[in-house]
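Before any questions on how it binds or moves, here is one chain, the form predicted alone, in structure tokens.
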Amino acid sequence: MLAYRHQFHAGNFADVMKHALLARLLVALGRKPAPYCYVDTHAGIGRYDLRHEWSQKNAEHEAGVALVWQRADAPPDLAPWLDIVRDMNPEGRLEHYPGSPEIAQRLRRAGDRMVLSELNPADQATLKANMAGLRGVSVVAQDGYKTLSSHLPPSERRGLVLLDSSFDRAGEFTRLVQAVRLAHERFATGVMAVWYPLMDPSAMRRFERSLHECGVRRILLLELSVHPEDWRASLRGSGLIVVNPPYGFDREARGLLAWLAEALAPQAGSSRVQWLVPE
């Protein structure tokens, strides 16, 4: 299990992977004129101070965003996320990092709406303060999984759901599969992105098999590893399941993740992009 408060992990390699892909999904949604709704089930506090003692404890950002944010050779597909990181650190010192709500609110258009769910009272209060004054942004105190029932389908009938569970309790992979099925039943045309840590290979095979058998089509699997498969000392990698990805997203993700694998872990890095369930 992982530490619940994301401040400990802000800007690590898993964030880099997740947020770079999230930015691509939001850019794709913004290409069509109709408004969309972004639903974040485990929103955290929105933006992070990397000088905070929790972030400094293991300094995970040093093996993540710090390795790539000033790279001149970064691929163009990384630009939407990189531009936000750089804009938050204008003095050239890496001190702040955008969480998923900050990325989403910077990339949305005037008519696009956001629903940010956060259960932890302290984090929810901070998130409200960070999003204060922004029109079209709702912060709700709710279990992220219940948000899927209460806020789907959105009135816009277009949108993206990010399910970024903390993995601080057992049985989370089972809950993820159930959530994918529920979200698809309520919002079949929506895009859903589900983050997960790479655990032992047998657990990952069971997870993939359960997704394959859950009855949902168009499931794209994306993974980034910075350690070999037998690594146990810390998180070895992370993945993102995307249901109903936009056209061409698989190609974008393949190039983006290959570059990140080399940039973040030149010796052991690897990436995987595979249609787990096609049309």
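Residue indices: 1-based, along the sequence shown. Owing to the predicted nature of the structure, the values given are computational and were not obtained by experimental measurement.
Omitted here: the form predicted in complex with a small molecule. The next part is about that form.
- Residues of just one listed stretch (164-172, 107-115, 203-211, 86-94) have heavy atoms within 4.5 Å of the small molecule in the predicted complex: 164-172.
- Put simply, residue 130 is far from the small molecule in the predicted complex: not one heavy atom of it is within 4.5 Å.
- Proximity of residue 19 to the small molecule in the predicted complex falls within the 4.5 Å heavy atom cutoff.
- Interface membership of residue 119, defined by any non-hydrogen atom within 4.5 Å of the small molecule in the predicted complex, is confirmed.
- The closest non-hydrogen atom of residue 36 lies beyond 4.5 Å of the small molecule in the predicted complex.
- Of the residues given (64, 239, 44, 245), 44 alone sits with a heavy atom within 4.5 Å of the small molecule in the predicted complex.
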